[in-house]
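Shown here is one chain on its own, the form predicted alone, set out as structure tokens.
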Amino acid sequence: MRFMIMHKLDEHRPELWQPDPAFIARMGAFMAEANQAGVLLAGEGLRPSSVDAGRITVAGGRTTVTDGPYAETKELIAGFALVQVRDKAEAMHWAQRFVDVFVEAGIDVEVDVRRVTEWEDVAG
């Protein structure tokens, strides 16, 4: 089964969105290990909402389009990894390893782990 591991960062702390070379090296090593283990399907970092971002909101039949940056949003999803694992426990193991990369750099982070809905889940 597939899980999405997403990390959020504080939009108002630009230094978090420009990691130093040591952090990039640790994250690269983690991604290489997950890839070599055969669990990593995709993984990317996202730019802050001040860079080429837009939001489309529909409420009550009315559509609103907003360009970034999003002043009202403190934390945003800053990156993701899509993994193929046996179960939630294995997904949480890889998520904790992902978190450890941030902890080693002294960066506060929040990571969400969400199971991807498969066709079999909704096809009945």
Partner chain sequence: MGVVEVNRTIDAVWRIESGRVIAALAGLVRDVGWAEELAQDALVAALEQWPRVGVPANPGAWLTTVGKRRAIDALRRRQVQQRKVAELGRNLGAETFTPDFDAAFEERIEDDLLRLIFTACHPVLTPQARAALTLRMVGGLKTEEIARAFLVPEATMAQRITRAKRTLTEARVPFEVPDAAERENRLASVLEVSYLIFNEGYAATAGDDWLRPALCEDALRLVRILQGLMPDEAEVHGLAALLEIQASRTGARVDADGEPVLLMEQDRRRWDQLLIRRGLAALDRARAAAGQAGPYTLQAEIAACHARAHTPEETDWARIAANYAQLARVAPSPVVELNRAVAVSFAEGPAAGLTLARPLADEPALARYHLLPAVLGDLLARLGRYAEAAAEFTRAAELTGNLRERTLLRDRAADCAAGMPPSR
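Residue numbers count along the first chain shown, from 1. Keep in mind that this is a model prediction, so the values were computed, not measured.
There is also a form predicted together with the partner chain; it is not shown, and the following applies to it.
Across the options 31 to 39, 58 to 66, 71 to 79, 44 to 52, residues that bring heavy atoms within 4.5 Å of the partner chain in the model of the complex belong to 31 to 39. By the criterion of a heavy atom within 4.5 Å, residue 99 is excluded from the residues contacting the partner chain in the model of the complex. Although the partner is absent from this view, residue 85 contacts the partner chain in the model of the complex, with a non-hydrogen atom inside 4.5 angstroms. Residues of 93 to 108 that come within 4.5 Å of the partner chain in the model of the complex, judged by any heavy atom, are 93, 94, 97 in sequence order.
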